[in-house]
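The chain that follows stands alone, in the form predicted alone, written as structure tokens.
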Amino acid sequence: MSVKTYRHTTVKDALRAVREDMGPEALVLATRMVAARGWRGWVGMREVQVTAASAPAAVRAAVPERRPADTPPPTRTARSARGGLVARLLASGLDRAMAERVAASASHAERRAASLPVLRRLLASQLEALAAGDEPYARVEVFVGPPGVGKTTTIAKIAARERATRGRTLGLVGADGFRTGAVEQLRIYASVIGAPFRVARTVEELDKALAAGRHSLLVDTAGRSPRDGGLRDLRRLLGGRRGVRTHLVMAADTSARTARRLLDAYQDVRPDRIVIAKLDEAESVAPLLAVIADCGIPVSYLTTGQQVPEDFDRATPAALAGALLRDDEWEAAVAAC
């Protein structure tokens, strides 16, 4: 069995090259985005790299016979259908472990048809443990994370969506004392939404704001190192309070290596949930979600852009499946396989 690597600008072109070179029974082993070759890579352009292996001779020689609809399919055909489904899932960005679990949960008919709605349902069933879903708000919801990941906008989306859909008021607390712009941005959002707003530039002011709030509070913190003294003080303040939930916000295009580093770095803050932000800027959220699955922290929210409150959703199993299995990527994979 020979193993080869193919690089093209799109998933569809890469899989077509695999099929033309190795035949329709070729096995896709891995699919990932890499820097483009030559000058295109120097300017930041990327391309798809597919690693494939030729099928064993016994598999290539096996040509399934046409049988009546009520005749059980032969084992070899079932393996072929499962392998084809795994290849399509890999091509759409899923990691191999997840692709294998989804394929194993599918019936023979589902593997052969492999329509997008069916695959989303199967994938959603595998993601139930990762989705926090529509859970009640804690007394205090704190959002932490590195700079520029969208904490302030995420908080505004949550408050605006809750006010628009349920008529519920959530209080906003600007605890980012290091970026005046962030505090003013949140103040403007609060004014538009009609939400109570307080600024807490010190731990003492935050303590007073939490004690005075009559509604559930969304707390926007500074995007600083988790080893910074300010976050350590925040942890000491919140550690003795009941009804506090902490969300670690990470951008969807965060690499697996960086995600692990962030989870280790923010371990002292003890995040209860993870927010995946900026899905619209990521080629695939699969690497990040694989790391999140390993750490076992549920995902609370997904955000896809700057519009408030439209570009936002609760992290349900269906929403996570949709983020992983994008329509355009899946259709390209199906067309090429």
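Don't overthink the numbering: it's just position in the shown sequence, from 1. This one's a predicted model, so the numbers in the text were calculated from it and none came from an experiment.
One more form of this protein, predicted together with a small molecule, exists but is not displayed; see below.
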property: Contact residue in the predicted bound form, from T254, S216, Q185, T246 (heavy atom within 4.5 Å of the small molecule); result: Q185
property: The single option of E281, D294, E310, D268 touching the small molecule in the predicted bound form, heavy atom within 4.5 Å; result: E281
property: The small molecule in the predicted bound form: contacting segment from 97 to 105, 116 to 124, 153 to 161, 194 to 202, heavy atom within 4.5 Å; result: 153 to 161
property: Exercise: T51 in contact with the small molecule in the predicted bound form, heavy atom 4.5 Å; result: no
property: Distance check, G133 to the small molecule in the predicted bound form, heavy atom within 4.5 Å; result: no
property: Contact of T303 with the small molecule in the predicted bound form (heavy atom, 4.5 Å); result: yes
property: The small molecule contact at G148 in the predicted bound form, heavy atom, 4.5 Å; result: yes
